[in-house]
Every structure is written in C-alpha cells, then in structure tokens.
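First, one chain by itself in structure tokens, the form predicted on its own.
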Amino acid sequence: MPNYMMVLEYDGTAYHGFQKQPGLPTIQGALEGALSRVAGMESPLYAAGRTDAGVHARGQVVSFHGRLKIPCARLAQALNALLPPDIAVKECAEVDDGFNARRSALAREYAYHVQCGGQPSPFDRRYVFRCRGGLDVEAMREALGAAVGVHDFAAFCRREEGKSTVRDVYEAELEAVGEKLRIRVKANAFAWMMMRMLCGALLEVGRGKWTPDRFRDILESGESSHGAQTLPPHGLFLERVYYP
C-alpha cells in the first residue's frame, strides 16, 4: 500500500488541537474529512507533533498509507479546495513504506512569539503574546542557554503517567526585533506543555523576578511548583520537523 507524506500549515485558533476528538473541531478531523474525498486511507493519520488547542503550525508533517483517486502531484491542490481556509497543504509526496511522520522525525522546532511594550496590533492578537512592560532580553538569553543539552524537563512540562520528561535540546535562541521576541527551540521531542512552560519561566527572568541561575536551578531540580506562568497557546508555532 503506498505511503504518503504531507506538509501542512494552519492557524490553530478555531481548533481543539491536532488530534481528533469526538464532537470537537480538530486539524486531524478536518484533514481526514478532506482526504476521504480524494483517497482511500488504509492507516491512521500520523502527525509529527500533536499540537494542543490554539497552537499554530508552519511546518507540521503527517503521513498515511492509502490509495489516491487522483495523481499525487494534484493532491495538495485538491485538498486545499476542500479544506477550510485556516488549514493549507504545502506539499505532498509518496515516501518509503517505512516512513512515519512521528517515529521517523529526528527533531522538531517550535517558536514562541512575545511582544514586550509598545502599542498592540490587532493583526497580532492571535499569534503574539503581549507582555506589558520591558524585559531583560540578555538575562533571558543567558537562562535559555541552560536548556541546551540533555535535561529532565519535569519542572517545565505537564507530566504524563509512564512517560519520560527527559529531552535533548539541540538549539535554543532568543531573537529580538524591535519590541517583539521570538523564542526558538529545536529538540529531539517536546514534553506536554514544555515550550509554553519554559517560555513562561523565561519571562520570570526577563521581568527580574528570577535570575538566570535560579532558572537553571529549577530546571535541574525538576520541581514544578515554582509558580511561573504557563503561557497561552496562541503565541506558539510548530515551525519545522527534521528527518534523515
């Protein structure tokens, strides 16, 4: 049975996350509904990252086994005609039988967007978290550097029974453009809520409530009762998934 891979982008505002849930609008539900018109699916739809409610994607990757009713070269165009305007298929390809969007991934890259100070723009309200007051960007950069490497991120994630919270962070950087910050992290995988809690802790550093050393100590302690805010989902994007 042929195996297909697709790259998606979507505005997650109106959806209860990627994963299909009975009676609720989800990215997977919308995509499978469109696929049922142009393909016979013989496997579940696998996603590289099961983004939470309200989280966006610029480079989500999904895969499935099935048979297309149209040529693969026309699949993206056909699906985009059937999908709602806040979901788009960027590319499609037939791939090796062993490829799985989730299990084959080497790394995922997420970015969180923050505006500190200045006048808010109505065009940013769905995609940027507004932080009132200035932030110490250099202190935030120093703290973020402590996250690189293999760590147990139990302090900065929601724990799931039976699942490890150890992750390997390959890259982490904070980019500042005017009053906007982009916190970008590339890791082998992300624990549940890890990016939103990690960025909330960075804001504690930026506001002067924590030092970079305190951030590092909390990360190493694994203690989740530190009181830092879990940032809302609308500032978070799945940017890219990396494969061999």
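Just count from 1 along the sequence shown to find any residue number. Just so you know, these numbers come straight off a predicted model, no measurement behind them.
The following text describes the form predicted together with a further copy of the same chain, which does not appear among the structures shown.
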Triple contact flag Tyr10, His56 and Lys90 to a further copy of the same chain in the predicted bound form, non-hydrogen atom at 4.5 angstroms
yes
4.5 angstroms heavy atom contact with a further copy of the same chain in the predicted bound form for Pro120
yes
Non-hydrogen atom contact Tyr127 with a further copy of the same chain in the predicted bound form at 4.5 angstroms:
yes
Is the gap between Asp86 and a further copy of the same chain in the predicted bound form 4.5 Å or less for some heavy atom pair?
yes
Give a yes or no for Ser164: in the predicted bound form, does one of its heavy atoms lie within 4.5 Å of a heavy atom belonging to a further copy of the same chain?
no
Contact residue in the predicted bound form, chosen from Ala76, Ala111, Ala105, Cys116 - any heavy atom within 4.5 Å of a further copy of the same chain
Ala76
Within 4.5 Å, heavy atoms only, one stretch in 191-199, 57-65, 37-45, 205-213 touches a further copy of the same chain in the predicted bound form. Which?
57-65
Within 225-244, which residues come within 4.5 Å of a further copy of the same chain in the predicted bound form, counting heavy atoms only?
Phe237
